[in-house]
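Before any questions on how it binds or moves, here is one chain, the form predicted alone, in structure tokens.
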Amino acid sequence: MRDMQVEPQAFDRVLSSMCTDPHPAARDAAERFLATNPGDPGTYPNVAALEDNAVALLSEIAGLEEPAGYITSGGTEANIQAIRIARERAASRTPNVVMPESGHFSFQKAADLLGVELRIVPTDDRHRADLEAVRASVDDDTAAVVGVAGTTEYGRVDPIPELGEIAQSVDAALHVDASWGGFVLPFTDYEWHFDHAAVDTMAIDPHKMGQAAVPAGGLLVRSPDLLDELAVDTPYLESTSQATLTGTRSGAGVASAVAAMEELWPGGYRRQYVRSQNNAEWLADALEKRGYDVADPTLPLVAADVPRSTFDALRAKGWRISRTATGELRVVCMPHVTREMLASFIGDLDRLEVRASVPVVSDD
């Protein structure tokens, strides 16, 4: 048998991902717990206890007084499970979910899988949920209202308390998708978590800004009884029921999340947020000085109207970059993104601009 020669993706030119190079402690913990299964806590009590620790740490970060939830494969699973909880709680036979157009595509998966209507409402001129549009879209069949705390395209934070009031007005759940923003928002003035608003469920991912190994997402719920909406009997396991979606899970994500949070919360995450935010503001300023329209980076994410031809040329140079739905360049200043990386990126952009401005001389 031949040895596998393929190497993992290096992060030195990755500017589009919301995942990052894990913290060394998180990497080590993931390797040690690789073969354990928190989906069978009766057989694997050590990793089950670690999961309780992970949920407690996530709850502290997210303002949840009574820790409840579990470590998921990522934000997609957490979002699906949150909508599943809302559907099971709803009295309607034709439930709907209302979310802003900035919501993650995983909610489309949730709607398809769970048979609920997804009502997508516009955002305002600041790329945040339009509250009037949300109010106009909810009704007695609304099972959940979704707010985003750190959108994937612009890094925006929806008005979460106001969305909670709208959800309560129609007896719907409020789900907050803080998959990316949850590990930077504690160091801002935004109101986004359980202690700020009537939040019922939340997605928050240690494997993004939390610097845990992939996969390590998180689902938090305001009260443990909400998990009962997900529980199914597990007759052949030592435990009697299971509320998770995937069943068998590697303990790597659980252990890695605990290791990262114990190492970094809160001081390490605070310092990382400051670095990332400063990098985003530096990049936004550099792009503005070169004549591009840039969305104000309220969190460590930059969007700018770089032309398609320039974008493609930067990709050809090996930069892993992406575009928003409306075509803007999108750069996420994750922990692995350094000022030196961004300066190199701007240097390549400058060289492309110079080349594009040189007139073509005909031989005729």
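For every residue, the number given is its place in the sequence shown, counted from 1. On a predicted model such as this, the values are computed, not experimentally measured, just so you know.
Here the subject shifts to the form predicted together with a small molecule, a form of this protein not shown in this document.
Within this chain, residue 152 lines the site of the small molecule in the model of the complex, having a heavy atom no more than 4.5 Å away. Contact annotation: residue 352 falls outside 4.5 Å of the small molecule in the model of the complex, judged by heavy atom distances. Interface residue remark: residue 74 is counted as part of the site for the small molecule in the model of the complex, having a heavy atom within 4.5 Å. When the small molecule is considered in the model of the complex, residue 104 lines it closely, a heavy atom lying within 4.5 Å. For the small molecule in the model of the complex, the listed stretch (280 to 288, 121 to 129, 138 to 146, 206 to 214) containing residues with heavy atoms inside 4.5 Å is 206 to 214.
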